[in-house]
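Below you'll find only one chain, the form predicted alone, shown as structure tokens.
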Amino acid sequence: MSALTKQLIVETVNLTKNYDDTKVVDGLNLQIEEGDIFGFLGPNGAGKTTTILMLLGLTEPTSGSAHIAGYDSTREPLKVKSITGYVPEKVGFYENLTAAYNLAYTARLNGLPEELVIKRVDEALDVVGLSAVAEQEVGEFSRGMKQRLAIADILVKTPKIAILDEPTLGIDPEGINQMLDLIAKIARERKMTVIMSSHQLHQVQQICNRVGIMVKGRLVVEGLLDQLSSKAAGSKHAAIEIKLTETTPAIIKAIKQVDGVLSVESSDGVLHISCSRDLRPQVAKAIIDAGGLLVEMKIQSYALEDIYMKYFKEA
């Protein structure tokens, strides 16, 4: 295996959960790699929270299996919980206790030695920007502050993976952006894998590199956003936009000669290229060979909303 190959940290095989005659999760096969920020999308009732509970070993599957970092979620739930942080949709703290005391309680429950407790609590509060209110009772906190405290509660454990169920629910727009920035920063700096369950498409698109869309208990599509965009586009033509330091007839001629290029138009210093498929590497080479210098190149892609609606309708 290449040193650059990522390890799987979450894997489910035909994971299924029935409640009476209702199949809430239907044969879920999911793979998430270390370091991913994975957006778990779907409408309410799609089976996202039930899947999360099975991953954490908090409810048993009807059939199939789930593993986190190699541990079986059903047979080794304590090991799974020791390396996983979880923020439920409705976070709960002791309202009459301070923020610091709540986190210290979590640290002690997880068996941290006393000399580490205060250090971890102080560090976690600093990361989420709550150091100034460490000694304030949680009952006085806003919803956004409680959500940030929930992230701090995870950090005290220093887990390998964090599972966040609707982490921005009920927060004002400014608080949402702060929360998303915080999640992305923690994932990047601590090399922590994050699963973010949400029905807010634009929030998922803002920070997630991979997405899975769940509808009626089934994972209808999963992959990198760029890959999903290409699949959603199907047979539609690709549209490439290019900015150059200078546009010359020779460069335009070279681009037109690339196999698959349908048309090239220039407008306000930008070249608009219509192709039968994504030809960015070939077009870039043609420009360079013709003596051009690229400033910017981008492809018009499907937004996550387009991808979501396509697969939602098909399901």
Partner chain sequence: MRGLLTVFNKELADYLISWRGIILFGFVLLTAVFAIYGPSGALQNIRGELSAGSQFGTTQFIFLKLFTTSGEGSPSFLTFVTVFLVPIVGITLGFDAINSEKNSGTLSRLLSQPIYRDAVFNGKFLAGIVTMAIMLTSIILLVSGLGLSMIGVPPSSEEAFRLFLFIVLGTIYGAFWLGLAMLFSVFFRGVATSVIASISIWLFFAIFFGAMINTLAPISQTLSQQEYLRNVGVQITALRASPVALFQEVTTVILAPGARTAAETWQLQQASSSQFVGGSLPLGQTLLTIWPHIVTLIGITAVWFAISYYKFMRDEIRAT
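Numbering follows the first chain given and starts at 1. Bear in mind the structure is a predicted one, so any value in this text is a computation, not a measurement.
If you look for the form predicted together with its partner chain, you will not find it shown, but the lines that follow are about it.
Screening 183-191, 81-89, 116-124, 202-210 for residues having heavy atoms within 4.5 Å of its partner chain in the predicted bound form returns a single hit, 81-89.
Taking a 4.5 Å heavy atom cutoff to its partner chain in the predicted bound form, the contact residue among K160, K243, R108, R218 is R108. Interface residue among L271, I32, L53, I287 relative to its partner chain in the predicted bound form, by the heavy atom within 4.5 Å criterion: L53.
Across the proposed site, T168, I171 and I307 without exception lack any heavy atom within 4.5 Å of its partner chain in the predicted bound form. At least one heavy atom of T59 is located within 4.5 Å of its partner chain in the predicted bound form. Contact annotation: S142 falls outside 4.5 Å of its partner chain in the predicted bound form, judged by heavy atom distances. Using a 4.5 angstroms threshold between heavy atoms, S197 stays clear of its partner chain in the predicted bound form. Residue contact check for Y71: none of its heavy atoms lie within 4.5 Å of its partner chain in the predicted bound form. Contacts between 164-195 and its partner chain, taken as any heavy atom within 4.5 Å in the predicted bound form, involve no residue at all.
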